[in-house]
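Given as structure tokens, the chain that follows is alone and in the form predicted on its own.
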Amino acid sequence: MELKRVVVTGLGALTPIGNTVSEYWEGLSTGKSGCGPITKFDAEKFRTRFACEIKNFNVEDFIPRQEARKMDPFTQYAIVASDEAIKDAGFDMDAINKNKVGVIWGSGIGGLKTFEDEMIYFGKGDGTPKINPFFIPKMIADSSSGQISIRNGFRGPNYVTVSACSSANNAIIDAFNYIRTGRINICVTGGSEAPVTIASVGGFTAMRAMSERNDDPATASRPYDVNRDGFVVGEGAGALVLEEYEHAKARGAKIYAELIGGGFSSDAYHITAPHPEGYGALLSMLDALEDAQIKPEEVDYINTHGTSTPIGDPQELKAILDCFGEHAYKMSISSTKSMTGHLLGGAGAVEAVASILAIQHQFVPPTINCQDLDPAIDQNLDLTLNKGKARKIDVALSNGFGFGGHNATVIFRKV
């Protein structure tokens, strides 16, 4: 079967450094930190008291209050980002075949805030189960894709992928495969997360996975720095409209980039730690390159998973060296998590958007906050430290790795 080409015709973003795609790119290109003290709850007694929260956001500017109350924040974020992407794609909603439009979303956790609030409320009572009737539909992860579908009348495949921090990349690849095999013409895809909550921050700090740089949160997310001490949790959403190339061309759509490959692998090693030799990351990138039918030396830019954890960053860079060989020194590499923090299940979506925008603007966003490069990292790699730069980018690769050993890689190409 001849596979169809798949292109990106719409983008949406709601992030800690910008609430629209244009604001997000401005933050990325200028090296803006999205990190600050937690405002979502009283974190005074927590070991980590900061996060990358979205700012100046009022959900009622986008969703009527009565409807918003029926949605967990992660679904609200999904709606806002997907609305922007759908509008950006410029569809004639009366002309497209909505039976051939899917919604495939990613979230690693789903409605954690909803679950947390209900259990705290129940725990303060006398044991009588006074549960909000919207509790279950707000909490379940697939409420995000369901609400996007209902809002727009899209009747194609509709579900959510859950694979920890590779969830959004998995969703994007699934959407890609549905379109290129001819099952659908269009898919709204991406991911969202709302993990700045008591349970999430408390749980990750109990694991000692998060930075505790409370004296200087703006520089806490510092991939590749020798003094990095863990990731910084972030919240928000990224959305892409993927479309079959001929379908997009026929309606005169603007095209940001072509999605040319997706790769998967499993570390098969540990529930939280990556493979010490970066073997799973290597397999994921090799699988994506094979799927895209390109040579390693055709890749110009890699948006790394780069979470700012002591064990994760070196393994990914080792995998890049093993995958690309000498060409690794000719590519530009950066971790935009240094600015947005780690959006967990939504990370792959905002980083896919960043990779596409890097192609569009021919500009590599920086890895900020790296003051002393870890001597265990190859010093000759171009990690785009602290300042972005213009360069030719025809092909960009983006990695997403998750607890459980899940790995997923996507590759975009300039059209």
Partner chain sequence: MFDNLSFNSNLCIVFEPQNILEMADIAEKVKSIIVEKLGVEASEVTPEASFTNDLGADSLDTVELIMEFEKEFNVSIPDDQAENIQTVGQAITYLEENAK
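The model shown is predicted, which means the values in this text are computed figures rather than measured ones. Residue numbers count along the first chain shown, from 1.
A second form of this protein, the form predicted in complex with its partner chain, is not displayed here; the remarks below concern that form.
The listed set Y121, Y159, Y269, Y329 contains one residue whose heavy atoms approach its partner chain in the model of the complex to within 4.5 Å, identified as Y121. When its partner chain is considered in the model of the complex, only one residue from K387, H361, R49, K70 comes within 4.5 Å through any heavy atom, namely K70.
Only one of 35-43, 367-375, 22-30, 59-67 lies within 4.5 Å of its partner chain in the model of the complex by heavy atoms, and it is 59-67. Although the partner is absent here, P133 lies within 4.5 Å of its partner chain in the model of the complex, judged by heavy atoms.
Using a 4.5 angstroms threshold between heavy atoms, P137 counts as touching its partner chain in the model of the complex.
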